[in-house]
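First, one chain by itself: the form predicted alone, in structure tokens.
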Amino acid sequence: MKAISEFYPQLQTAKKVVITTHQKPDGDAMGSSLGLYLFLKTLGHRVKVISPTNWANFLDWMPGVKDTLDFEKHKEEGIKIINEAELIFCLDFNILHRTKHVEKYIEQSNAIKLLIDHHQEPQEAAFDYGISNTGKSSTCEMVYDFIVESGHSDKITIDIATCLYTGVMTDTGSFKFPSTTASVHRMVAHLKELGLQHSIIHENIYDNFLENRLKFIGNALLNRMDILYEYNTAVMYIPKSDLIKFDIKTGDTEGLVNYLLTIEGIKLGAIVIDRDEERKWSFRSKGNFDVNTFARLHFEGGGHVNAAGGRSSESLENTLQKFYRVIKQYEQQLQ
């Protein structure tokens, strides 16, 4: 994988471009994709954002989202666009299988493939150009760097700024996580100088849910949470019956795991949700407990030191019991 900076000169020649990200895209995945989409359009490229799956309703307000293609809903159209692409930008994932059913079509494509990502252990052989920087707060910050360092900071519009701020804000936990570096604040200052209205973005992301979600969260906190004080750990488990009862949609469980770290003394928060095809884990930690390594070793996942995900094909009860067993190995680290 060549350095992304070596690709900059090719930005001047209009191409057919596909931008894709991981399945069930979050604020950073969608923000970076749409921000890059709007930027490349200003240079005259023909661009399409393809999401492997649907996305949360609270992202539907974002500039450019109406032009995004849901691959699961429009597979034939998506395949055709990928096959015709000359450039494929892969954002906010480190390995192709995170694009779900889009993976094989990216692999088969003759397009130039570019990676912009901040997760550990990237699949470098799959990309022609790229940058993988785990020290960055978000992929949105990296897309901002891509625009500025390629000499096009003058192309950043309010819509581009809005998309990029969204991902930085969500991936830094509204700027409270350790990943909020000085460069993040410099970026935000620049976007504010351009006229960014940040409070509207916060409202669209965090104050845009239905009543049923609040009731779901209340039920989860009251009935689905287990505190393991001997390991300074809190775990939450969501059966499929709860998802049905409260009519939970994509994105409604976003951020739920963070509630666990608000408990005094808790260093590790974990949540497992019973999805149709598998059980999905989310892990968050404080300090130097590495949930990326934890997820990779035990739950087929990975991510960052303090935020990671995982999966299991076992039943909800069995994967939960596995968590209770393996957490005993980390008692000393979690003290």
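In this text the structure is predicted, and so the values were computed from the model without any measurement. Residues carry their position along the shown sequence, with the first being 1.
Form predicted together with a small molecule: not shown, discussed below.
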Completion exercise
In this chain shown alone, the residue from 307, 69, 43, 297 with a heavy atom within 4.5 Å of the small molecule in the model of the complex is 307
Exercise for the section: Would you mind picking the one in 302, 52, 269, 64 that has a heavy atom within 4.5 Å of the small molecule in the model of the complex? Expected result: 302
Exercise for the section: Using heavy atoms only and a 4.5 Å cut-off, decide whether all three of 136, 176 and 286 touch the small molecule in the model of the complex. Expected result: no
Exercise for the section: Report whether the minimum heavy atom distance between residue 279 and the small molecule in the model of the complex is within 4.5 Å. Expected result: no
Practice task
Answer yes if any heavy atom of residue 94 is within 4.5 Å of a heavy atom of the small molecule in the model of the complex; otherwise answer no.
Solution key: yes
Problem - Non-hydrogen atom contact residue 119 with the small molecule in the model of the complex at 4.5 angstroms - result: yes
Practice task
Mark residue 322 yes when one of its heavy atoms lies within 4.5 Å of a heavy atom of the small molecule in the model of the complex, and no otherwise.
Solution key: no
Problem - Options 259-267, 176-184, 94-102, 192-200; stretch whose heavy atom lies within 4.5 Å of the small molecule in the model of the complex - result: 94-102
